[in-house]
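A lone chain, given as structure tokens: the form predicted alone.
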Amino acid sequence: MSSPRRVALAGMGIYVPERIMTNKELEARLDTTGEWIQSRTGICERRIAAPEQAASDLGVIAARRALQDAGLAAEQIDLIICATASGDTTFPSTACLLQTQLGATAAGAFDISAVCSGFIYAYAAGANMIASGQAKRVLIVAAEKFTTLLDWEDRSTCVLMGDGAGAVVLTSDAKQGELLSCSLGTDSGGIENLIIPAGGSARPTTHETVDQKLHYMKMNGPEIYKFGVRIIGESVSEALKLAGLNESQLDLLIPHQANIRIIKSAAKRFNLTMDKIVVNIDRYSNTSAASVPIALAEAKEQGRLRPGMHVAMVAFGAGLTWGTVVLRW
């Protein structure tokens, strides 16, 4: 049996909508203050997609930028995996729509639904396709128009989320971002703590479900906070062990941008100063599956990814799901 093929990161790209919604704007709509939002979450503003923009419209821009960064044409892509919880339609998949918009005529396409963990799950799936020899070039797109899933009268949830997209291209011959390990996990015992209750086959859409606002995100904030604090440490630690690394060898942490207090807890857990953690929650809020690839691309743009660095990307979300990818830059 042949050895697994090397997997590395050939290119990346992001897109965030033009419209900025500040905490001040939310003060006029909700019983809250910008200071309260920032102190509890770290969020100062978020991006809001235009009414005519769907998740695929955000994702296709990020994807084109990733392809350009990789020096590849869309026709050279073998597989497109889209991580989204806010896809354009129930079916077909948003990945299929991206395949058409990009002109990736040789690519298979499918979606992954792991909500905020979606990019990590998609990364693991795409990497395994390359490692097994079933694909040479994989495009992973995380695209979210999550603001359509929010009850804008619920201050406990609507202040947390924003829209955006990030994309990466994986190949076996890229010189940067070599994959060292992936670690994924799920605990459905906490499924009710973060959920959209209606709209699926279990509770189809009715006048009653619409009237009760059951098609919007519902969250048990305290439980999700405790879960996030615990699982980031456990997941990153496991992935580092799988990569054959000690925790002291972690050079840069790129966490899911859910809450600044959770991120600071991770810094304390791994004895990292904040300059070794990528944070952009203040500008984008939580963009669900897109948050990690957006942060990754910004880290590269800022010159924070240097040859030889060990980088961990970690996310957690509904399911409850979590995962970590460790790279050697």
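Source: prediction; values computed, not measured. We number the residues from 1 along the sequence you see.
Below: the form predicted together with a small molecule, not depicted.
Contact annotation: S93 falls outside 4.5 Å of the small molecule in the predicted complex, judged by heavy atom distances. Looking at L214, you'd find every heavy atom of it more than 4.5 angstroms from the small molecule in the predicted complex. Though the partner is left out of this view, R261 does reach within 4.5 Å of the small molecule in the predicted complex, counting heavy atoms only. Interface residue remark: N280 is not counted as part of the site for the small molecule in the predicted complex, having no heavy atom within 4.5 Å. The stretch from 150 to 158, 165 to 173, 102 to 110, 197 to 205 that comes within 4.5 Å of the small molecule in the predicted complex, counting heavy atoms only, is 150 to 158. With respect to the small molecule in the predicted complex, the three residues R40, V115 and F146 uniformly fall within 4.5 angstroms at the level of their nearest heavy atom.
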